[in-house]
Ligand SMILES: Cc1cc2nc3c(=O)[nH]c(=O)nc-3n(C[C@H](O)[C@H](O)[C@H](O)COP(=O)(O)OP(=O)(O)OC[C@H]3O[C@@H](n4cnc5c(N)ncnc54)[C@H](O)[C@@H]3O)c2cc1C
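What follows is a single chain, given as structure tokens, in the form predicted alone.
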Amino acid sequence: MKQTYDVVVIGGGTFGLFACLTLAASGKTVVLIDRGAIWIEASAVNAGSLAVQNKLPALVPYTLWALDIWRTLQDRLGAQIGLRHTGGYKVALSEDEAQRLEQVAREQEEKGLSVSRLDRQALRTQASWISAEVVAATYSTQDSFASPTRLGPVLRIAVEKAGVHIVEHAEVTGVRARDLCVETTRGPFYGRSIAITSGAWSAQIAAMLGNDLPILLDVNMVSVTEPAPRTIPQIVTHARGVLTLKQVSNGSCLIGGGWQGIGTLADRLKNVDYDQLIHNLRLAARVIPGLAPLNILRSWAGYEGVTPDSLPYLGRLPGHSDIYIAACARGGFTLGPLMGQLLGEFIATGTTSRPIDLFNPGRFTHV
């Protein structure tokens, strides 16, 4: 029998799950479908950074608003999600990087972020565990992190308790705008609205509706060390955006920063590029000498969809009044709770609690 939901959501990552929670809370009936299992792609395999200093200045207000949501999540979900508000350093290893650090800090301050500046001597006094090679740093009390592996399962439980119907291993084979039908390998799903929250795959879904939505693909790598004594008390990022470092509750250190692995959406491979990985690890040990003697237990890669301007898509799909998209934010794990909430608000009410014009999905198709 044909069943019609208020909203069919395509994609079970951070954006999709938080959109589902918001939609369900507004009284909408929702089905969430995913080509694989819920929470196994970008939302699950990132390093868990909730840093503000490594965001584009335009995204700073949204990151701060997202952190307001993150602070409520453990109480809302009734579970620990590895959330730690440690504060963090953003470091520079050369004078050129120090100039870049200062320029971005000024732009971020204009958008509402409060940072303090440290020269080499002040940094050695305040954070002696950071290498003496670091010539300058900025510090923000807002930089934080959480555990993707802890968040995913409890978020799924919350979505199911909210009454959302989850359908996994349902690959989308077509989308019809005329009757708002999502065709999948597990049958058709009809809605009064459709929401695309498919990350790097969102361009493929949009293409089924005749939309050319530019999305680039990153294959980011992350490594985890053996448990260690206190090595990285605060999260660390880099002036050039090529490093994220943190130490989680079991003592393991997570090393990321956007170094690229190997793979495409077509081959569905996400392989580690060991030449690139060595550069990532060497840079990490150069910034935090205490990492050098630690063994790497595992390295992995995951997809991240990226727009041409590195800002997310959020709004109506061009040419469609009842089809929406929220996808592809740099730092999507950080921004996901807010982006998903705003999408849910927009579908449910036609308005949002925060401005979204900056994220217009049609901004690259306008003449």
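Start at 1 with the first residue shown and count on from there. Fair warning: this is a prediction, and the values are worked out from it, not measured in the lab.
One more form of this protein exists, namely the form predicted together with the ligand; it is left out here, but the text below deals with it.
By the criterion of a heavy atom within 4.5 Å, residue 119 is excluded from the residues contacting the ligand in the model of the complex. The ligand is not shown here, but in the model of the complex it comes within 4.5 Å of a heavy atom of residue 11. Although the partner is absent from this view, residue 172 contacts the ligand in the model of the complex, with a non-hydrogen atom inside 4.5 angstroms. Using a 4.5 Å cutoff between non-hydrogen atoms, residue 333 counts as a contact of the ligand in the model of the complex. Checked against the ligand in the model of the complex, the residues 138, 247, 237, 197 give one hit for a heavy atom within 4.5 Å, which is 197. Just one of 91, 206, 222, 130 comes within 4.5 Å of the ligand in the model of the complex, counting any heavy atom, and that one is 222. Looking at the ligand in the model of the complex, residues 33, 41 and 45 each place a heavy atom within 4.5 Å of it.
Annotated contact segment (heavy atom within 4.5 Å of the ligand in the model of the complex): 163-171, selected among 130-138, 163-171, 104-112, 73-81. Shown without its partner, the chain has 302, 303, 304 in segment 285-305 as residues with a non-hydrogen atom within 4.5 angstroms of the ligand in the model of the complex.
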